[in-house]
Ligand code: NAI
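One chain comes next, on its own, written as C-alpha cells: the form predicted on its own.
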Amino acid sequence: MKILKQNKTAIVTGGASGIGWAITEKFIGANIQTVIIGRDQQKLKKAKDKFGKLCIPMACDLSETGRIPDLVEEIESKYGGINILVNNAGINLKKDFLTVSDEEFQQILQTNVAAVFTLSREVSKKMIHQGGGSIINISSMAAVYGLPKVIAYTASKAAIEGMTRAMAVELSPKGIRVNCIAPGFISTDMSAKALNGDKERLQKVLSRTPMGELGKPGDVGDAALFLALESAKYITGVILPVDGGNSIGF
C-alpha cells in the first residue's frame, strides 16, 4: 500500500472517545497528524495505542481557558503549523430546568462555549500567520429543537452555531474557513445516557428520523474530513446536519 506524505496537522478536542474518536480515525486514515486533547489519560493512551505515530495525545482541561494560549504555542512549536481545528469536546447535563443550579449552567457554558472561543482565537492567530486553515465546530440538534432536560447544553450549542457564522464572516477573508457539523442522534456513550432507560424518548427520536436509525460516529467523521480538506475549499459558515433527516422529519 502506498503511504502518502503527511503534510497537515489537526487538533481534535475530545478526540479520544465517541464522535471525536471517529474524527481522529478518519483524519489519521487520510495521513493527517492529529493532536487529540482530553482530560482522561487512559482514554488518550488507548487512542494513541490504536492510531499510532500520527496520533499525538495531550492532556488538558480546556475549561481552564487560561492554559490554552500556552497549549497552542506548545503544539505549534513541537508539531508544526496547525491546519485544522475541530472543536468537538463537550459535556452535557440531563436535569429538570427548575433544578439546574447557576454553577451547573456555567460549568456547561465554560466547557462548551468559552473553551471553544479561546482555543479558536489562539489557533486562528497561528492560521492567519501561516496563510489559512479550517475550523470545524460541533453543534447538535439541541440547537434547533426545544429538548427537555438539557437547558444548558441547548444554550451552549445554540451559541456554537452563532459563533460559527460570526467567525466565518471575520476569518474567511483571512483564509480560514469556519464550518459546523450538527449531529443528530448518534450512537455514542453520551447519547446512551440520554436515551437508555427512556424508551419513549428513543422511540420519538427514531419515529421522526426518516432513515429510521441512530447515526454512527463515523458518519460525522466523514463529514469532518470533507470540511477539513480542499474538497470543501469554497464552503464556509455552514451548519451541516448529519442526522438521517431528523431535522426535517415529522
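Model, not experiment: these values are computed from the prediction. Heads up: residue numbers just count along the shown sequence, starting at 1.
Another form exists, predicted together with the ligand; not displayed. Remarks below refer to it.
- Although the partner is absent from the chain shown here, none of Ser120, Met163 and Gly237 has a heavy atom within 4.5 Å of the ligand in the predicted bound form.
- In terms of contact with the ligand in the predicted bound form, the residue from Asp70, Asp49, Glu200, Asp189 that brings a heavy atom within 4.5 Å is Asp189.
- Here the chain stands alone, but in the predicted bound form its contact with the ligand, taken as any heavy atom within 4.5 Å, falls in 150 to 158 among 97 to 105, 150 to 158, 124 to 132, 171 to 179.
- The closest non-hydrogen atom of Ile91 lies within 4.5 Å of the ligand in the predicted bound form.
- Taking the partner from the other structure, the ligand in the predicted bound form has a heavy atom within 4.5 Å of a heavy atom of Ile138.
- Though the partner is left out of this view, Asn83 does not reach within 4.5 Å of the ligand in the predicted bound form, counting heavy atoms only.
- Not displayed here, the ligand is kept clear of Ala10 by more than 4.5 Å at the level of heavy atoms in the predicted bound form.
- Scanning 29 to 49 for heavy atoms within 4.5 Å of the ligand in the predicted bound form gives Ile37, Gly38, Arg39, Lys43 in sequence order.
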